[in-house]
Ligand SMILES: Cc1ncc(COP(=O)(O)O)c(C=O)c1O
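There is one chain below, alone, in structure tokens, taken in the form predicted on its own.
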């Protein structure tokens, strides 16, 4: 089996020799000719029923070859048989919940999660009931109607880690979904640890350039069929241009993730030593829950961190206003560095009491480190921290 760096470059390109191309073809067709009605009818039934392919694609909501190549590549990177792509990470999560709803209406989830996932699970919009538990409480909370256990590791935004093997063991026969967006398959492969579903907001590291919104779920054939049925019925498909960009992004995924991680290791230490910073949450510093998993479950601490400002909300706001090289914006995993305020932005839809319980404080900033030169990044962050100090003293 080729190593991950090699798979990133070559996976999903198995038919290029037959096609006589070097770059991935971009198929923008919305519909496909049906000259043999019997074949078309059989193909339609297969695709609506969740099949990965059919003799005729029929209609782009049911199948697109550009999307399928990206799915194939991501499945190889995650070590699963299948993957199903969607128009956003939230569409992917929604599809997982709808597919799980055929098994039961009860879901267990561990906080913190990405704020909108938290909101969706708490809202009842999809007809499910969510019980929030600690990882050690999973086994006791399962009942006959429990359809899914949901965790995110590293967690958004605190970077706490959760032992995937332990949760899978506690869940027993109940499927476990792992949101692995922060780690990517470069640093973590949850399916090898027993997870049933591996979800990515592909908008982030998989795309890597801030120019595509997408989601993808790596899984086995049975779950993939159920997810494709949901996608076909609800229309949560990924546009082929997005799939093209994502497939291209996989070629440099390892390079980008490892370079950004190297920068983050250095920046985390510099931030931890700055007088304006109260604490830094980063797995590489050992300052998050279960940091030991960096050396076992993960292959490195990643490039995301959160840091708490002395001075609370005002200081955090001052830093976001003062950065010049880093971009004050939500999202993460891009080649450029992004900084944002979880309590005021990504996790604003989570109630204040829950935010406080899970360390999402008014002074917390989340930093997604990019691939710029680390000295330039520190010069920018350093001047922003000094600006915040001056603002507080004024």
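Positions refer to the first chain, counted from 1. Bear in mind the structure is a predicted one, so any value in this text is a computation, not a measurement.
The protein also exists as the form predicted together with this ligand; that form is not presented, and the subsequent description refers to it.
Exercise for review: Name the stretch: of 244 to 252, 224 to 232, 309 to 317, 84 to 92, exactly one has residues whose heavy atoms fall within 4.5 Å of this ligand in the predicted bound form.
Suggested key: Stretch with heavy atoms near the partner: 84 to 92.
Point to revise | Residue (of 179, 78, 160, 71) lying close to this ligand in the predicted bound form, criterion heavy atoms within 4.5 Å | key: By the 4.5 Å criterion, the partner-contacting residue is 179.
Review point. Given that this ligand is left out here, which of 97, 195, 280, 214 has a heavy atom within 4.5 Å of it in the predicted bound form?
Key: None of the other options qualify; the answer is 214.
Exercise for review: Evaluate residue 152 for contact with this ligand in the predicted bound form, applying a 4.5 angstroms cut-off between non-hydrogen atoms, and reply yes or no.
Suggested key: Contact with this ligand, yes.
Point to revise | Close approach of residue 350 to this ligand in the predicted bound form, 4.5 Å, heavy atom | key: Close contact is absent here: in the predicted bound form, residue 350 is far from this ligand, nothing within 4.5 Å, heavy atoms only.
Check your understanding: Do residue 204 and this ligand come within 4.5 Å of each other in the predicted bound form, heavy atoms counted?
Key -> Yes, residue 204 lies within 4.5 Å of this ligand in the predicted bound form.
Check your understanding: Is residue 332 close enough to touch this ligand in the predicted bound form, meaning at least one heavy atom pair within 4.5 Å?
Key -> Yes - in the predicted bound form, heavy atoms of residue 332 and this ligand come within 4.5 Å of each other.
Check your understanding: Taking this ligand in the predicted bound form, which residues of 100 to 133 have any heavy atom within 4.5 Å of it?
Key -> Sequence-ordered list: 114, 117.
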